[in-house]
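The form predicted alone is given below as one chain in C-alpha cells.
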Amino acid sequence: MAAEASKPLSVGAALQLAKRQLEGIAVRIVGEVSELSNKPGYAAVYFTLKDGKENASLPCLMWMNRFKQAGVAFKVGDVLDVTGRFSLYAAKGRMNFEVASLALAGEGDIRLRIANLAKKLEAEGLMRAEAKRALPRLPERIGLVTSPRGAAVYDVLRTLRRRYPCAEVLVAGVPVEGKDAPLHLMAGLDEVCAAGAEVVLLVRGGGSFEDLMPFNDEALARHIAAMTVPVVTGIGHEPDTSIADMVADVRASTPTAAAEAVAPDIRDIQQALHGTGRRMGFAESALISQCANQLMQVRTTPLFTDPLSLMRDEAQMLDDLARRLESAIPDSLKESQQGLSRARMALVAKGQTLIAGPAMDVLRARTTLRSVGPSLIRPKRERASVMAAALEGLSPLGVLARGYAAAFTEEGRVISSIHAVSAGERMDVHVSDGTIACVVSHVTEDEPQGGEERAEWQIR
C-alpha cells in the first residue's frame, strides 16, 4: 500500500480517480444563486450556488433537457433546493455539481400540499362538472373582486365596457397578496353577492408562485364552492392554475378572458334583436293579411251585398198567405150559393112549394151568413194589412219614397261612410223616381252631436 501510495500518478490519472470517487456521491444542496448563464444554443444552464454563512460557492450545471422538464424559472438571488452528483471536467481540472432536479427552496413541499388539497377537494365532489353552475346569459349585475390598484381591474372594466356596456359592475377592492388575503377575498365575494351580483369575477394579474398562494387557500376554495351565484376566475397567466380555479364554475386563463366569459358581445345581441324584430314583423304582416281576407269574405256574404235576402223567404210566405186568403172567402161563398141553388132546384123539381117555415129558415140562414161572413173575413184582412205594412216598411223603395236617397259607388257598393269615397270619384244616388250620377268634389266630416256622427258630401 505504501508502495502504491508513493507511486506517482499522471495528472489525467489523478483526475480520473477523483472523478470516479465524486460521481458516486449523490447529495441534496440548498443555496442562493449568485451567477446564472442561460444562453440560447448552450447544451446546459450554468449557475453558481453560494452559502452566505460559510462564504462558500459551488459551480453547477443542469443539462437543458432536464432544465426544461423541471419548468422552474429562477434568477440571481433565488434560493434553490437542488439534487445531483459532483462531476469533474478533466480537461480543465474543474469540479462542477451536475443538477438532476431543482425547485425553489420550500416550494416543493408547498406544491405537494397543494396537490394533496386538490385531491381531497376533488374526492369531496367540489370539482365535479355537474356541480358547476351555469352562467347567466344576459346578467344585469356583474360582481368583480380584485385588487383596486392592479392592472387586472382596468383590463376587466375596459373589456366589459367594450363588450357589454349595459351591465352594472359591482367592484369589491381587496388585497390579493399576503397572509390575510383569503379572508379579504371571501369578504369581497359576500359583499358583491349581497349587492345583487348575478355572477362574480375573481381575478388578479400575473405573479410568482408565492404571489398566487392566497388562491390556494382551502377555506377560500370551500367558500367559492358554496356560493349561491356562479364564480369565474381569471388568476395569473395561462399556465397558472390554483385551487380556486379548480373549484370555480368557470376558469379563464386571464382577467380579460374572464370578463369575456361573462359578458356577451353587444353586437351579437343587436343582431339577434334585429332578427327577432324582422320575424315579428313578418308574423304581424301575415296576421293582418289573414284578417283582411276574413273581413273581405264577410263583406261579400249575401247578408251585406243584398240586404233583401235576409227577408226573402218571409216575403214570399206573406205573398202566399195573401193569395190564399184572397181565394178562400170567395170560394166559400160560391160553394154556399151553389148548395142553396141545388136545394132550391130540388124542391122545385118535386113540385113542392116553399112553405112558410122553410122560407123563414132560408131567410134566417141568409141573414146569418151575411152577418157572419164579414166577421170571418175581417181578421184575415187586418192581418194581411199588417203584413203588407211591415213589408212596405222593410222595403228600400219605401224608404226612398219617403224622401231618402241611397248612394252607391261605380262598382255598385253601398256607400255607408264618408271614408268610402274620395274627391274626384264618381257615385250614383238613387231616389224614389230615378238615379242621379254625381262626382264627389270634397268630403266633410261633422262633429258628433247628440251621440250621432254626421257626415255630408258635396257633389256636382
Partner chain sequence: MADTMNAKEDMTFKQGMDELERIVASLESGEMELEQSLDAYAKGVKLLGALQNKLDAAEQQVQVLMGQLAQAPEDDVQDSTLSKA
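This is a predicted model, so every value here is computed, not measured. Numbering follows the first chain given and starts at 1.
Only in words, not in the display: the form predicted in complex with its partner chain, which the text now covers.
Visitor: On the criterion of a non-hydrogen atom at 4.5 angstroms or closer, are E140, V171 and E284 all touching its partner chain in the predicted complex?
Guide: Yes, because E140, V171 and E284 each have a heavy atom that approaches its partner chain to within 4.5 Å in the predicted complex.
Visitor: Would you point out which of 186-194, 376-384, 225-233, 334-342 contains residues with a non-hydrogen atom within 4.5 Å of its partner chain in the predicted complex?
Guide: After filtering at 4.5 Å, what remains is 186-194.
Visitor: Is there any non-hydrogen atom of T83 lying within 4.5 Å of its partner chain in the predicted complex?
Guide: Although its partner chain is absent here, T83 would stay clear of it in the predicted complex, with no heavy atoms inside 4.5 Å.
Visitor: Is there a heavy atom of Y154 no more than 4.5 Å from a heavy atom of its partner chain in the predicted complex?
Guide: Close contact exists here: in the predicted complex, Y154 approaches its partner chain to within 4.5 Å, heavy atoms only.
Visitor: Can any non-hydrogen atom of R149 be found within 4.5 angstroms of its partner chain in the predicted complex?
Guide: Yes, R149 is a contact residue.
Visitor: Hey, in the predicted complex, is A390 touching its partner chain, heavy atoms inside 4.5 Å?
Guide: A390: no contact with its partner chain in the predicted complex.
Visitor: Which residue among M360, A131, L273, V79 has a heavy atom within 4.5 angstroms of its partner chain in the predicted complex?
Guide: Result of the distance check: L273.
Visitor: Can you pick out, from A123, A73, C166, A219, the residue that has a heavy atom within 4.5 Å of its partner chain in the predicted complex?
Guide: So the residue touching its partner chain in the predicted complex, by this definition, is C166.
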